[in-house]
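Read the single chain below, which is given as structure tokens and is the form predicted on its own.
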Amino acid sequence: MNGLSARQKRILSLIVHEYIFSAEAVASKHLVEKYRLGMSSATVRNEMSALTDQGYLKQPHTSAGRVPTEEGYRYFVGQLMQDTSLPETMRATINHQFSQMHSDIKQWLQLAATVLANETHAASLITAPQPVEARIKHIQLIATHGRQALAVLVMEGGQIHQHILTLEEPTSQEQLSILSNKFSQLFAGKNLHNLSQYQETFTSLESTILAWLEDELVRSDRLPTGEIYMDGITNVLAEPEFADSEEARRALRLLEERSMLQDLLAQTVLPETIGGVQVLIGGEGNWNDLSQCSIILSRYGSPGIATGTLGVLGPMRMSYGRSISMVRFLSGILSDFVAEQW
């Protein structure tokens, strides 16, 4: 595609802004009157025709104005959009909301998903931080009934695993508490490799608990992503282009089916830099279910220790500047939290 003149860049930028705001095709007369462009409607129409020929705009109907194409949005995001930041008052308000939360990773992620959805008017998705290696923080064994005991494993970072163990014989809570303390002291900060290399001779009961710990660490290490938190699906359904739309249903199906969403995240090349942003417009030709959508994703956490992904999904006609700024800002908040927890 040919390079654009300064006038064409301005007209394309204005059309993208207008279409994001109104969801209606933008006419040359409207641009001239609203922005006092200092040129005739005919001149603007000629430039709009040139932008259409180059693939940046399209004309929904013969007599209608123009709307951006996927390439138009890509050019806007990559070349024309100014680097924006959130107003200081908004940053302070969001920081205050998080300061009121306990140091519980689930509460932080749920709040982040809600804030992200509300402020971008899109569907938010956040994966819990996934450690490079799962490591044990604390173990608790609780007598329940007969030979059964509730085993609780707390991982570094706050993830909690629970399982009902069936023991060879009934075991008192006092004995289980002694074992809880012993295993917590032995294995705090340890990973799967550390457990497998441990040489101490264990009793039958201790071996049962150790086998469970190893299974949980294996399962954690194999997870492609952490638990996924979402909010704001109704925001997408409320957009005019998605009302009673099969495209919207296909996109939301992607969010609702964990395996499909994990596949998307696994195949998306996120910036290595924490807080870097990746914008996927129209599925980038790889995801038919996202042909009418855009996704903005970012990585958060501590490199080499634990990282997660956060982002928003909405119509291609989304407010990119605000959404990118919000994703980047919340990435910073969650990264600070992960650094403190680990």
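Everything numeric here is computed off the predicted structure, so don't read it as measured data. Residue indices: 1-based, along the sequence shown.
In what follows, reference is made to the form predicted in complex with another copy of the chain, a form of this protein that is not presented.
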Check your understanding: Are any of the heavy atoms in residue 232 no more than 4.5 Å from a heavy atom of another copy of the chain in the predicted complex?
Key -> yes
Review point. Is residue 76 one of the residues lying within 4.5 Å of another copy of the chain in the predicted complex, judged by heavy atom distances?
Key: no
Point to revise | Contact flag, residue 242 vs another copy of the chain in the predicted complex, heavy atom cut 4.5 Å | key: yes
Check your understanding: residue 110: heavy atom within 4.5 Å of another copy of the chain in the predicted complex?
Key -> yes
Check your understanding: Which of 141, 136, 252, 265 has a heavy atom within 4.5 Å of another copy of the chain in the predicted complex?
Key -> 252
Point to revise | in the predicted complex, the one of 238, 164, 178, 92 near another copy of the chain [non-hydrogen atom within 4.5 angstroms] | key: 238
Point to revise | Whether 227, 248 and 258 all lie within 4.5 angstroms of another copy of the chain in the predicted complex by heavy atom | key: yes
Review point. Taking the partner as it appears in the predicted complex, which of 81 to 89, 147 to 155, 180 to 188, 102 to 110 has residues with heavy atoms within 4.5 Å of another copy of the chain?
Key: 102 to 110
